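Take a look at this single chain in structure tokens; it is the form predicted on its own.
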Amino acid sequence: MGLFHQLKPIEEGINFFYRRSEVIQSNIANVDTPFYKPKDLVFERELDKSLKLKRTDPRHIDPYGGEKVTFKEVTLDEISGYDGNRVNLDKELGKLAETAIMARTLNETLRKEIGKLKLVIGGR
């Protein structure tokens, strides 16, 4: 287990929210595109799995068989508008705000964890 091992879930979370904001922004950009179906990323279940069981020794059996935390893009089946477009602008803006708050929280957590490591390394 390396010194920066505890930072990996935070890094993956930040990557997820960065990619999710790109997907949501794409949905918003296509709000007037006929027959466009909004997309989202699925991640919470994988994050939950990665946080519940931890290996504390390399000799322990990996509970997920070495499966890397991943997220995938899914197409949402929302109710369509008059032109077949399924983007709900209010919903997308809400998700974008939620994503920004979560990313900001993880960035703050990462900053604090790095501060702790600096304290340990520097002894101050």
Partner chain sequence: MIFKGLEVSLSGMLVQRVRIDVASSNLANSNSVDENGRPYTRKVPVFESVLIKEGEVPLYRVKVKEIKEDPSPYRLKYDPGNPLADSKGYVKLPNVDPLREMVDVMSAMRSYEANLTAFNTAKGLLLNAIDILKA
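Treat the numbers as computed from the prediction; the structure is a model and nothing was measured. Positions refer to the first chain, counted from 1.
Missing here is the form predicted in complex with its partner chain; even so, the following discussion is about that form.
Colleague: Using the partner position in the model of the complex, report whether Lys118 sits within 4.5 Å of its partner chain, counting heavy atoms only.
Modeller: The answer is yes: Lys118 has a heavy atom within 4.5 Å of its partner chain.
Colleague: Heavy atom to heavy atom, is Gly84 within 4.5 Å of its partner chain in the model of the complex?
Modeller: Residue-level check for Gly84: no, no contact with its partner chain.
Colleague: Looking in the model of the complex, any heavy atom of Ala29 within 4.5 Å of its partner chain?
Modeller: Yes - in the model of the complex, heavy atoms of Ala29 and its partner chain come within 4.5 Å of each other.
Colleague: Evaluate Asp57 for contact with its partner chain in the model of the complex, applying a 4.5 angstroms cut-off between non-hydrogen atoms, and reply yes or no.
Modeller: Taking the distances in the model of the complex, the answer for Asp57 is no, it never comes within 4.5 Å of its partner chain.
Colleague: Scan 17-39 and note down the residues that get a heavy atom within 4.5 Å of its partner chain in the model of the complex; none is a fine answer too.
Modeller: Result: Tyr18, Arg19, Ser21, Glu22, Val23, Gln25, Ser26, Ile28, Ala29, Asn30, Val31, Asp32, Thr33, Pro34, Tyr36, Lys39.
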